[in-house]
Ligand SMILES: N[C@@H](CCC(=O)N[C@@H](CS)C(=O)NCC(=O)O)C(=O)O
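This document starts with one chain, in the form predicted on its own, laid out as structure tokens.
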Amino acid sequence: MAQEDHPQADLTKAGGARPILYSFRRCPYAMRARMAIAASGQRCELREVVLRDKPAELLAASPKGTVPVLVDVDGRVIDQSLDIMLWALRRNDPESWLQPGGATLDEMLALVAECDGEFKAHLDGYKYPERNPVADAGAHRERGALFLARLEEGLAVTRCLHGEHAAFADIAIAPFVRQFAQVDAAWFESQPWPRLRAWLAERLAAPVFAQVMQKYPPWRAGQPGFDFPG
């Protein structure tokens, strides 16, 4: 859909005000939040952020200045991506992402914590070596690969991380595996991870991923945001 075809949010229509979601299309944290919101059917006003020119409204809501940030209709601010996912899915979870059958929510959150902790640190060291010239990008790649090898082992048992269908952990982790794979696609393809590559391809081919990766122009103060999901 062309950018100009996105419907701008009309907050005066039936249903009243909607939550505001500050997002950045390529941010993996924002990707997973958008996917959970889209899957839940929750309607929001999306405000696409330019990270080098963050709007004052975003910083007023969350001074740490990262995305995603959700401002609910009652003014409550949720500025952690996993909390936004839970906020949306606890309202409506038609695909049972919170109850996959193969794990508890706590078990899924524990796996996501590994992704967001040590794996993300190695992903950053691998993808952005210029940020720390003394770091060894190759070493970060090899240490990050340990987490991916563990995912490969788990996928030998089930099609997805916690069962036969995608659930919370799959949605939360896939954007970061995608980012890791993109640093050196040839290297990633050469690794003994056929199940992981198939799992990632399925995640990226899912309609919900295509839906949340549509492009939106940057939001400017005084303008309405965009109806999301569009």
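Just count from 1 along the sequence shown to find any residue number. Everything numeric in this text was worked out from a predicted model, so none of it was measured.
Below, we refer to the form predicted in complex with the ligand, which is not included among the displayed structures.
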Of Gly41, Gly65, Pro55, Pro194, the one that lies within 4.5 Å of the ligand in the predicted bound form (heavy atoms): Gly65
In the predicted bound form, does Pro28 have a heavy atom within 4.5 Å of the ligand? yes
Would Arg32 count as touching the ligand in the predicted bound form under a 4.5 Å heavy atom rule? yes
Going by a heavy atom distance of 4.5 Å, is Asp93 a contact of the ligand in the predicted bound form? no
Whether Leu51 contacts the ligand in the predicted bound form should be assessed with a 4.5 Å heavy atom distance threshold; does it? yes
Hey, of 76-84, 143-151, 93-101, 106-114, which bit sits against the ligand in the predicted bound form at 4.5 Å between non-hydrogen atoms? 76-84
